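In structure tokens, one chain follows: the form predicted alone.
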């Protein structure tokens, strides 16, 4: 907390807290590289923090798929030496600015000039991932040293850069540039922990004395996230409910006891969304714009979506949208068990956009042929189509087994597309359950992770569409009025940063 100072009259006056300098090191960031919500957070949060007056930079890899000309990347520093456990390695640094945020890219063809971020086309992890992201993290800290950027906070994201917290305490605790920096670690998905063979440990330069069961050792292997949890000054995840879930044996994926040991140093901060990108009033990607005051554009979006994906043109049939990775976590196998029964028993259409599990890709890819005019699918990812589905659907289903925060349900709220979700993580925090008596709520929630629950809750939404249209309109207007902008979440991150500094200085 800022200290009060005394005026000549003796009255205490609260001093404004000084702005913070934040170095954010991450493996992905919108608009440069993205596999999930991590990239959205790293792309949006720094913009809002800078608008609040804080000095924030982002450091990430220069992946091979990043178009240097499109993003106007310029060489910033070359060569830059980075000390790892077995000696010095070299890289170059490029930079650009997006919405006022300086972004620095670590160029190392050895580690980052590949078609994928973390794995090959068959979803096999790159075997040198521990070296790749250990190097990224050390290079990010070295860049701060070489450019004289003295951060108050080093903000690491997920296992890929969790080692930053350890490097600060093990190697840089008294460094003139980094010695005063506190560390914050954000866990976007605790199921991904960076667990690799211990043969990679010497390269990381963390000393064998730290390869213990309470730090980096995990059944004889390295666990990046586990070590980060031990060393970070503050830890957060991306929704309050997910923070509670990860403290349990079922939700913590083996790390619950270590998070519980950190007590109040671990908390949940709900992700915000970028309404400059996801707002039907301004969205340049959708066929027609609309607002809660004038919904006529949504009807146009629905018609154009039906045309684009080969559905029967009928404004009176509810459309259920899906935009998702086709993986076990997202529960798309549960929807697969329910969707055919829904199409056979109810008047409904489905549109599916996603990729992932090859079996699920094949299943959803074949559905339009089996149910022409009723189901449309696109296997892969298309950003424009994702916007079309949000705008043109009546409902949006997310049957996730777990969901740290989730963003699509928040986008859906703003687009007047009522979410059908399993009440877990951020889905529980952001969707208000429909009350059939009063018509209040913003969506439809179920609690059991089963085909049965997906089937009947989606059926409940469809029956509401036909039987209680006045409730639908009430819910749509309530949903579109919800505000999950980054401004509120950013204020919570600033408080988190200041507490991390207080803990750092107290220790």
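If you're wondering where the values come from, they're calculated on a predicted model, not measured in any experiment. Positions refer to the first chain, counted from 1.
Below, we refer to the form predicted together with a small molecule, which is not included among the displayed structures.
J.: Can you check whether residue 271 is within 4.5 Å of the small molecule in the predicted complex, heavy atom basis?
T.: The answer is yes: residue 271 has a heavy atom within 4.5 Å of the small molecule.
J.: Is the gap between residue 267 and the small molecule in the predicted complex 4.5 Å or less for some heavy atom pair?
T.: Although the small molecule is absent here, residue 267 would stay clear of it in the predicted complex, with no heavy atoms inside 4.5 Å.
J.: Give a yes or no for residue 407: in the predicted complex, does one of its heavy atoms lie within 4.5 Å of a heavy atom belonging to the small molecule?
T.: So residue 407 counts as contacting the small molecule.
J.: With the partner left out of view, is residue 26 within 4.5 angstroms of the small molecule in the predicted complex by any non-hydrogen atom?
T.: Contact with the small molecule, no.
J.: Could you work out which of 330, 226, 374, 298 is the residue within 4.5 angstroms of the small molecule in the predicted complex, going by heavy atoms?
T.: Partner contact (heavy atom, 4.5 Å) among the options: 330.
J.: Identify which of 238, 153, 163, 418 has a heavy atom within 4.5 Å of the small molecule in the predicted complex; exactly one of them does.
T.: Contact residue from the list: 238.
J.: I need the one stretch from 34-42, 472-480, 458-466, 65-73 whose residues put non-hydrogen atoms within 4.5 angstroms of the small molecule in the predicted complex.
T.: Going through the listed ranges, the match is 34-42.
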